[in-house]
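Here are two versions of the same chain, shown separately as structure tokens and labelled structure 1 and structure 2.
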Structure 1
């Protein structure tokens, strides 16, 4: 069985971001990058399934972006993926979800993947569109917001999240795209021996131009800092003072203490 897992490299969200020169995204100077958290659950689920489904299964991890995204691919290889594919694209941050999906589909088409896992959304842009669009491009079935996954001979049964704590059990048939919600599993940490082994695994680089993204359907015309609408008070300094002020404010506003 062939499995594909798609991962995105995203900036550390604790960063104090500055707008880039083009004015359409953040300035990458001094920014640390990591694997999109949602994708960690996708990798874990794919690796766990591969472990259950025997020696003939093969797990490919794919990521799109500049050369730095290889680090994220290597993490997935160290978690247990068999081979990596880097779609080299220095302009990936200017591409919309439909273009990213088109590139993934152009790579995956006719490769007989039975399951495609990815995060429900990315932590930096959060469009939640790429999974559904890949499914449309490939003519695969689609299950989103998955918090429980079972596979049995082409039949896929999942628990998917709805709102307010409600979930639903849903079934479909492979081939299928699965988008993973936080909490689906417990993503493993790569061990040192596995990190060493990952260095020897195949990592294929494909220039983005070879895949064809098509035209953008939406464009970012501007990036801006958040509007600071909040009129809240900030308390800083000595902890005992802050505690005193906080308690008197709570008393004044709520009468509770």
Structure 2
């Protein structure tokens, strides 16, 4: 069984962002990057399945971006993936979901993958479109918002998270793209021995141009931090007094009686 996991490197959301000199993106100089949280669940599920399947399984991890994304690939290798694929594209952040999905599909099309795991969405863009578009490009079945996963001889059974806290159980056959929701599992921490082993694993770099990637189809005209609004007001004192003050302020600001 051949498995592909797609991961994305995203800025750590605790970072203090600054706009670059061109004014169309953030300055990466002092930004810390990490694996997209949703993708950590995808890697864990793929590695766990590989462990259950034994020697017959083969797990590849793929990421698109500049050279720095290799660190995220190495983390997935240390978690248990067999090899890494880096699609080198310094302008990946300017490309939309359709272009990203097209590159993934171009790589995967002739590799006979049965399962493609990825996070439900990325923490920086949050479009949740790449997984469905990869499935469309490859002609694979699609299962999204997965919070429970089982695999048996080509049959995939999942629990999906729906609106309003509901769950649905769905069955389908491989090949299939699975997008993983938070809580699907508990991602493992790479151990030091596995980190050392990861350094010896294959990490292939493919220029994005070889996969048909063209220029970005969207143009970022301007990036800017949120406008500062007036300072907040802290109300202190007895609960009843605070409630009265809050009601008075709402009436003054909105005209409500």
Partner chain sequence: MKALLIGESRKGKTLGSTYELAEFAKRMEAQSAMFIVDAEEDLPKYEGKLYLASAADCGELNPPVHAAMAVEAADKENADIVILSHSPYGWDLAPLIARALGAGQVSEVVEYQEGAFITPALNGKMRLFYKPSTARVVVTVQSGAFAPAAPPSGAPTVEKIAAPAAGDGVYEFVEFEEPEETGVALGKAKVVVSAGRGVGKVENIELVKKLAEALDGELGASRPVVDAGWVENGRQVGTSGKTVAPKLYVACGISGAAQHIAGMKGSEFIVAINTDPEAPITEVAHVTAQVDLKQLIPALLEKLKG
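Residue numbers count along the first chain shown, from 1. Between two forms, the rigid core is defined as the largest C-alpha subset superposing within 1.5 Å. Worth saying up front: this structure is predicted, and the values here are computed from it rather than measured.
- Structure 1, not structure 2, represents the form predicted together with the partner chain.
- Once you line up the core between structures 1 and 2, the Cα of residue 35 stays within less than 2 Å of where it was.
- After superposing the rigid core, the C-alpha of residue 12 moves by less than 2 Å between structures 1 and 2.
- Core superposition places the Cα of residue 249 11.7 Å apart between structures 1 and 2.
- CA movement of residue 23 between structures 1 and 2 equals 3.1 Å, with the two forms superposed on the rigid core.
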